[in-house]
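Quick heads-up: it's one chain on its own, the form predicted on its own, in structure tokens.
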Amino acid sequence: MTLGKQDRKAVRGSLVYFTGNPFNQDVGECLLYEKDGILVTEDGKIHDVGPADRILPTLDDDLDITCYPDSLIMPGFIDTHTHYVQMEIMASFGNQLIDWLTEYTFVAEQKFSDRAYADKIADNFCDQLLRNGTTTASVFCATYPGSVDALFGQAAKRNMRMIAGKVMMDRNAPAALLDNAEDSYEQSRALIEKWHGTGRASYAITPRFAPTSSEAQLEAAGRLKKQYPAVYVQSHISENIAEIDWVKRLFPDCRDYLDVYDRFGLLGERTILAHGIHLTDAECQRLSDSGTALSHCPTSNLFLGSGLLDIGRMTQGDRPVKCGLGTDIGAGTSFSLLQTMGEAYKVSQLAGAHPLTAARAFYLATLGGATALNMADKVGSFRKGLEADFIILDVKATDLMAQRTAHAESIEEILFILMIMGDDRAIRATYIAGQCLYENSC
């Protein structure tokens, strides 16, 4: 079922959203908190937002207002890196990255040659996103084009904004998963023509990572990017030390890992690379200069023992890198971006001198994620004309949270409690284009 035109609607509660970047601005200048606010939507877009005493006189007397006491109304979460085809291998006992790919990932992804199976998993995946308050995601599919059709089809039924692409992989994986440079080019091109810009779908050219693509395939990916400059590019980088050494052996003429992608024209404002734990200063400078974004995936990095990303090093200083948060299912251990924020905070405590504040964490999960995906003109904040994807966060979702929030003295403290103690139970409702598609019955 494709969602159609919607009437004007309004929700009332405490509004929380960002108008700027707390990594380089004072929180008071960019975090907007309206204790008693109203968000008005019309035809899937934000029509008005602000304090209740200003909005109420502008509304028709017969307009129903849905009220959410003890809750925060916030832009929907944005997952900048995940794999729907790896859902079934979550919580599989792992070693390091390469072993985990061989033992679990490559085995599971072969099942997606079956379109019926892909549809079933894509359906569940989209439901899990909504249950966890995620309204936009950047997703890796499998090498099979039908796996892309399945995901975009399920997202379209829910009118969800989705970025996704067919994995391009022509070496160093099981034969059943491999494509070749020209086939991957033709299949990706056909999927771009079919899906990019259809409804709320955006296509991403998706080489899995440098070790599983030949130079010919990376050249084909770069050719696609030149032909279709409005599409995205997504891949992985510098997740694991052994992986980096492998890249050096496979691409001996490249200066570093990032240079592999750079030489084939794959960097830019619409490119997002996952992990980046072990990037050099020179690589960080090039990411900043090119506008390429990084997806921080703390639960996955901890699970596989890949390392600790110093998010402050990436986002501050004279060469800031655009960053968002990624759940990285299935090495990632939770669909919840609340739990992902909590783990990102712990990683920041161990990684360096830049502890991740609640304001910065929620920025990464909303407007920061939208900025990383070059979508801040569509989602990630509350502003007239933006798409009305938003969530309701229950600050008293559990008895323990209720007890803790009773002693909170600021909105920043409440946000910190949510990201440390919250999970899917804290998602009271999820709205897509102004329509409630998930409601927590508890």
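Start at 1 and count along the sequence shown; that's the residue number. Keep in mind that what you see is a predicted model, and the values were worked out from it rather than measured.
Heads up, the form predicted in complex with a small molecule isn't pictured, but that's what we're talking about next.
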property: Heavy atom within 4.5 Å of the small molecule in the predicted complex - residue from L267, V231, A359, L304; result: L304
property: Single option in F112, F209, F335, Y84 placed near the small molecule in the predicted complex, where near means a heavy atom within 4.5 Å; result: F209
property: Contact test in the predicted complex: A331 vs the small molecule, heavy atoms, 4.5 Å; result: yes
property: Partner contact for W100 in the predicted complex: the small molecule, 4.5 angstroms, heavy atom; result: yes
property: 4.5 angstroms heavy atom contact with the small molecule in the predicted complex for T105; result: yes
property: 4.5 Å heavy atom contact, S300 and the small molecule in the predicted complex; result: yes
property: In the predicted complex, segment of 69 to 77, 317 to 325, 248 to 256, 201 to 209 with a heavy atom within 4.5 Å of the small molecule; result: 201 to 209
